[in-house]
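Before any questions on binding or motion, here is one chain by itself as structure tokens, the form predicted on its own.
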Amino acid sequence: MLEIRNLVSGYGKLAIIQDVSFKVDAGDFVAIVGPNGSGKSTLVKSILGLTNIFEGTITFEGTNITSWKPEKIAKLKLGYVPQLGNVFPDLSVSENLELGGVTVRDEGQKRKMRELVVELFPILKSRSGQRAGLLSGGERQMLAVGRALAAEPKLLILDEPTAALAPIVAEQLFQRLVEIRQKLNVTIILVEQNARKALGLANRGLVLVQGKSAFEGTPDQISKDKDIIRLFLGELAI
């Protein structure tokens, strides 16, 4: 589905991602983990056309999208949940979901997806008329994921969706991601600081360190490599 080859990317003239290559197959749940400042967010933003690409290629379903603008990439059914600024705070929950599905032309499909979203996140139904800016942190993240799903994405990219959430709320969101993959057959890329939890959900993992790929493989392979865990993810991740 997605292939990145020898990617060098960043902001302005500063290259943050250094010669990274990896593939994502349809149906994968890929966890991108690593220390703070390792380039995880920059990597996924590069997929979405939000950085400067200096070298390498990004291919989605066989199409080279390396130089595409973000608005054109969005039409390819790539859903994105950024860490910050991921809802329209002055609009209601219902209006946020409606905007999320603006690229879906079939009204029947649009209604069906919104029904699936409130099935996954029932709290959004009871909050439908409430301004998004008044939601709790957990509710806001649920809305952000729901808004991304409203566009019927083939690939859903989430950038640290559990940051600053209480552990019980983060666990609920993690479980919803598992359901999304199973029920909607959505391929997922998850950037997450909680490496152990993210790798526990994923079928493949990528460890980034200082903008470079330090390790790629199955969660089992990563968890058995104590040097990788200790050096790149920290003692608490073991």
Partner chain sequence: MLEWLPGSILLSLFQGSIYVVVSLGLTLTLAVVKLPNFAHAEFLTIGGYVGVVVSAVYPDNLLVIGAAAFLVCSAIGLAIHHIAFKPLMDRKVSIYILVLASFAVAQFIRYSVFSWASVVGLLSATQNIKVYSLVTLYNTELTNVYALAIVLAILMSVLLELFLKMTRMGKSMRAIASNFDLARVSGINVSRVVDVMWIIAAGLGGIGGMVFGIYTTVTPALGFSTLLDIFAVVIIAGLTSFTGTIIGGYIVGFSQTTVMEFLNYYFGVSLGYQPLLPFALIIVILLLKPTGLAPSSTGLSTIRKFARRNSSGPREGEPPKE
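Residue numbers count along the first chain shown, from 1. This is a predicted model, so every value here is computed, not measured.
The same protein also exists as the form predicted together with the partner chain; that form is not shown, yet it is the one meant from here on.
At a distance threshold of 4.5 angstroms between non-hydrogen atoms, Val87 is in contact with the partner chain in the predicted bound form. Put simply, Pro70 is close to the partner chain in the predicted bound form: some heavy atom of it is within 4.5 Å.
For the chain shown alone, Ala74 is a contact residue for the partner chain in the predicted bound form, at least one non-hydrogen atom being within 4.5 angstroms. Proximity of Gln130 to the partner chain in the predicted bound form falls outside the 4.5 Å heavy atom cutoff. Across the options 25-33, 57-65, 42-50, 168-176, residues that bring heavy atoms within 4.5 Å of the partner chain in the predicted bound form belong to 42-50.
Using a 4.5 Å cut-off to the partner chain in the predicted bound form, not one of Gln109, Leu116 and Arg181 places a heavy atom inside that distance.
With contact defined as any non-hydrogen atom lying within 4.5 angstroms of the partner chain in the predicted bound form, Tyr11 is the only contacting residue in 4-33.
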